[in-house]
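This document opens with one chain alone, in structure tokens, the form predicted alone.
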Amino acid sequence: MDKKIGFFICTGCGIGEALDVAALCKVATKEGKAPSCKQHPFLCGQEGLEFIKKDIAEGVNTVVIAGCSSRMNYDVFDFGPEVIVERINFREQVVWCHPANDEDTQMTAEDYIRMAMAKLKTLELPEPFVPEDVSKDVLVVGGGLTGLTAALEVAEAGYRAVLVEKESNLGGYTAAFYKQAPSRPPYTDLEPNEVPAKVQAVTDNPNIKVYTSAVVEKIEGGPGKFDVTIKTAGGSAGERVGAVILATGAKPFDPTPLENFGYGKYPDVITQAQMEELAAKGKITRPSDGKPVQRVAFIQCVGSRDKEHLPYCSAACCVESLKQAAYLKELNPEAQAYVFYKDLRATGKYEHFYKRLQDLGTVFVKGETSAIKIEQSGGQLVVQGEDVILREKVNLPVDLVVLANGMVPTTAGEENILNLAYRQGPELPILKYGFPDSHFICFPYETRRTGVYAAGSVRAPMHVPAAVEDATGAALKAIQVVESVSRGAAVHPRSGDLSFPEFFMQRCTQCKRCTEECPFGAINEDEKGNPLPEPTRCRRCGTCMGACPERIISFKNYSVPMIGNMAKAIEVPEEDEEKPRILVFACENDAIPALDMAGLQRMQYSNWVRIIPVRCLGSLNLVWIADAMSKGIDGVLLLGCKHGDDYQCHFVKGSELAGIRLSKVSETLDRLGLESERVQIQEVSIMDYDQIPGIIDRFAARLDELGPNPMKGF
């Protein structure tokens, strides 16, 4: 592309009053070789936009706008797919965080112009990758409540769904429910089980193809072109789909090992699922002798919130016990329910239901439920525990004990469900309790496999209304990915990005770092170990680019040389000028917004810094640090998202990988005769914006103590 550059400086928002704009234009035209530099007091206004569009109409195809952050007015400054737009942040990262009309502030702005113009030298318009025969069908694995809902949502949106259920009938665990807890105003009355109606709706819908007594044998390809082999009772079938929803749910926790509850020992100690079966008969009787029950104890947190079994709350048990206590009273008004609980977790609108149960005379006993002991004497069950509110021991004779046993995700077992033909393994990566990993803070439906969305109780413990809502969300995500792939665009968090990684295979050494470090399993391998990228699986984070020691991976608009040139474009003053330089590589997901927030709050920090946004710290290539230090930059600060169990890293492993790579930088710095403290990494979230000045200023103070970079001037 032959670039014709139009350079525009917005002088609004205090920029014109704080900077020498004429001097900036001189840098843009003389050093940056921009044909012209124009200024306007309100570029994002109608007049300002027309000002830019006039130049575009005359042939400008590369627009540089120096004004506010690129996170602002991104839609206003979208001039179509044929025009490159490069933004320079003079507002939040220069004039709003540094003193006005100051020599160092002016130097900062001038450096940002040099960096932008250096970036443009190698930046090209991305060309989207659109695979052939894109399918917009959605595979739903699991025919329970969540799977049924997801399939119906997909079909009602006008897309075809393929539903695979391993059992011979649809409906799953909730199909056997006698009643459902209230889901609509006034949230006090039991409702009919909606699952049979959903089964019928799915069966009748022409946009849904159902396979029962079937399992997924293999899934190959990527979003938009998943080729699925389904093993059925009569043989096998093949389907091409664009996205996958995993809705295989959870299994009830087996309480047999918890001997104090007597499950398996006393026939009248049952689970919640067995209670549903009794109620479905229209009369609740004791399994041991068939006599009607009058006094029933419901024990909460059986296995759940127990570090030896299920350390997490299973979320649905409390509401289900309230429901069962309610229909106990409905079927036998003379019956008495006792609920033993640790913390009754019936939040939100279920508070109304809880109060209704109190009005019905249900007795609630608060205590440590794991310490409860069930004994049987003379054919009579006795619940032994402690009421911590009344501070007294409890010895309660009952006819029946119902254990609220928790839920275990189906992905926690050894059985393969999806059988993905991925180099990184056949199933979704899981968290420590067996739930599929998802970005539960920012993007709950996303898994680490692009185009595969977990929903319902396989993703996290949840009750019935939450599972229905979850299924709807996953269906929308599935539709979003097939539509994005059909345009060659990425999904979250770089939604709409048309770039994709290109591999210069002639220099590949088969080191496998790209395939091992890609967080999303986007790269397979051939039998010789050569990487086989699947572009539609790619999230465009650039982790592979950062991992590659040969630097053979790049994007049209993001590459190792491009960022390296930006760093080299910074003007480094001589040592005697006592103006150190700090280069900040800041992740665009949390760190850049935090920096912008600090600017919006007019927080001041050292004007020694020069900031380069990166897609993810995982894309950090160590050559950038080596080049910066060789250039004479006094220190390099890496700002990335938080990682760990409650990570916010939008690309899952970016900050973690950057930390690992940084640990190897010490050797490089030692070889250059530099102090390793000159390169540091900090993890920040957006809400840490108020810590930004402190982080930068402390780093600047430490560099001041270390003195100038010994490489300065060479």
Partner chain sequence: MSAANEQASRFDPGFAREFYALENGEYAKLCMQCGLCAVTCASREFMDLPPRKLFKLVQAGDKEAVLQSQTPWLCTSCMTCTVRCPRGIPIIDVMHGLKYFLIQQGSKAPVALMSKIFAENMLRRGRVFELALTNSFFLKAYGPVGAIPIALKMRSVGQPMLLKGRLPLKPPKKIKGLDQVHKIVKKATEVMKREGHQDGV
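Numbering follows the first chain given and starts at 1. Bear in mind the structure is a predicted one, so any value in this text is a computation, not a measurement.
Beyond the structure shown, there is the form predicted in complex with its partner chain, which is absent from this document and is the topic of what follows.
Chemist: Which residue, Tyr338, Tyr173, Phe443, Tyr211, has a heavy atom that falls within 4.5 Å of its partner chain in the predicted bound form?
Modeler: Contact check passes for Tyr338.
Chemist: Can you pick the one in Thr509, Gln380, Asn101, Gln294 that has a heavy atom within 4.5 Å of its partner chain in the predicted bound form?
Modeler: Comparing distances to its partner chain in the predicted bound form, the residue within 4.5 Å is Gln380.
Chemist: Going by heavy atoms within 4.5 Å, which of 479 to 487, 150 to 158, 330 to 338, 189 to 197 lines up against its partner chain in the predicted bound form?
Modeler: Of the options given, it is 330 to 338.
Chemist: Going by a heavy atom distance of 4.5 Å, is Asp387 a contact of its partner chain in the predicted bound form?
Modeler: Yes, Asp387 is a contact residue.
Chemist: Does the 4.5 Å heavy atom contact test between Val365 and its partner chain in the predicted bound form come out positive?
Modeler: Contact check for Val365: yes, within 4.5 Å of its partner chain in the predicted bound form.
Chemist: Can you check whether Glu392 is within 4.5 Å of its partner chain in the predicted bound form, heavy atom basis?
Modeler: Yes, Glu392 sits close enough to its partner chain in the predicted bound form that at least one of its heavy atoms falls within 4.5 Å.
Chemist: State yes or no: in the predicted bound form, is some non-hydrogen atom of Gln358 no more than 4.5 angstroms from a non-hydrogen atom of its partner chain?
Modeler: Yes, Gln358 lies within 4.5 Å of its partner chain in the predicted bound form.
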